Structure formats: C-alpha cells, structure tokens
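Coming up is one lone chain in structure tokens, specifically the form predicted on its own.
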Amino acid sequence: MKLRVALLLTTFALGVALTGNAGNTVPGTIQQPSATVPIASQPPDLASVPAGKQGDLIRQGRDIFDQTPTHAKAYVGNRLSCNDCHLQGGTEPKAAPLTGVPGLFPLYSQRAGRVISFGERVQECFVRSENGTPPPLDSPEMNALLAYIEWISHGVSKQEALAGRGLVQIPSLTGNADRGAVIYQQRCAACHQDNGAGVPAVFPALWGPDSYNDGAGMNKVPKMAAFLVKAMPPTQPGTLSPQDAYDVAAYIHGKPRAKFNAAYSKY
C-alpha cells in the first residue's frame, strides 16, 4: 500500500511538471530545472533512419505525424495533424515538443484521473485534438507513431527532455475577444482564413468541424495564448505580446467547434 501511494505521488508530481498546473504558470508549461540541455529545434534527418522494418515503421510514423488525416484516416475526425501543435516534427522547443517525452511515462494524468502510458496519452490526442477515435495500442498506426517519437527521443535523458518542454511561460491575463478579432484579421486570417477553416494540409482550422473539439487542450485560452506567443504568426514568430495572444485566444475560444465525445472521458 505504501509503495502504491509513493508511486501515485511520484507520478502526480511528474504530471504537474509536464502540464504546469502549479502556482500561477500557464497550463501546458513546466518549471525548468536549473541545468538543462536544449532540445534540438528540428527533427533528425530522415536519411539517418535505420534500414529494415524498424526504419520503415519510423518513416510511416513521421508520415502519420505530418499528415494524420491521410495516414491515420480511420481514427481522425477532422483535418488536424500532430505537427499542427507539435511543431518541427515534434522537436521545436516551447512548442509542445515530444522529444524525450516517452521516457517520462507512465505518469499520473490529472485529466484521466489515473496513471497512463505514453500510448494512452497519444490516444488522448486522437479523441480530443483530432476529434476522432483512439487507435488501439497495438494498431499499426500507433506502433508507427510511437516508433517515430522514440526515434526523435533517442539518446535523450529524462533531464534533457525537460529543456524546452511544454509551452512558453507567460503571465495570467484576461483576453479581450473584440481586440482579438482585430488582431486575428491583421495577423492570422491570411493563413487561417476569415472563417477559421484554414487550408487543409497547410494551415490548420482553428474552429468549425475541421478543428479540435472542446475537450482539447488548445480549447483552453491560457494554453493557446502560450502557443501563440511562441509560434505565431509563422512568418514572424514571437512578435505577439502575451496580451495580444490572450486576446486572439479569447476570440478563437468563442467560435463554434465540435463537442468532445463523452464516451471517451477516460482519456
């Protein structure tokens, strides 16, 4: 019993570190350790993927990561891909990188209310961010995705995985949707369109049937704001102030989107 309690406390602490639900930091950020090694800002060259079946699996995983609706069609309910939120093939620091993340699991998920595996965390993305269904843990698509993420994590220790993990830490602010509408037209609409539909396979939809559902992490204003500060607009990343980002996130948050399927509440 004592061992189980200790395990739960440890995994809970890891979960807080990964999701940033502590103090006044933005959900999705983490507290950085005092000495860390930066995450690579771009994925390894696919030319370095080993030959043979494992290499084929890694390349398949990268295809799924980049174009999820095409290569994992059976499990996707919109037009979003993993790479839309986890930039540079899942390796961009402070843009929800996945480098080294598999080594942090199993851990306690506050959302699921239980200890989960990394595969189960990927399933969460499918039912929330991609508004679809969870790929079975032993499915070819899941095996390929996990192989790719393990590959970009090769040689990364748990300590190194924390460098650049999560999203940018910004102050807790109040967004103004009216101001956000103006900024959206000036800085976002050229790519994501006036109606938020984006351009399939190029710029993700931000609301409507092709976007994430209301159970996704990006449906939280602070998390979207932290992502915007780091990554948007793609031609001038880092030029939005935290207040600008909160305003745009508040504007997007008020737009219609699909409801999360309660049948998948365990994710």
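Everything quoted here is computed from the prediction, not taken from an experiment. One-based numbering along the sequence shown.
One more form of this protein, predicted together with heme C, exists but is not displayed; see below.
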Quiz item: Pick from 163, 170, 87, 156: which has a non-hydrogen atom within 4.5 Å of heme C in the predicted complex?
Solution: 87
Quiz item: If you check in the predicted complex, do 122, 188 and 206 all have a non-hydrogen atom within 4.5 Å of heme C?
Solution: yes
Quiz prompt | Residue contact check: residue 152 to heme C in the predicted complex, 4.5 Å heavy atom | solution = no
Quiz item: Counting only non-hydrogen atoms and a 4.5 angstroms cut-off, does residue 221 reach heme C in the predicted complex?
Solution: no
Practice problem: Tell me, yes or no, whether residue 57 is in contact with heme C in the predicted complex, where a contact means a heavy atom of each within 4.5 Å. | Solution: no
Quiz item: Do residue 147 and heme C come within 4.5 Å of each other in the predicted complex, heavy atoms counted?
Solution: no
Quiz item: Taking heme C in the predicted complex, which residues of 66 to 93 have any heavy atom within 4.5 Å of it?
Solution: 68, 80, 81, 82, 83, 84, 85, 86, 87
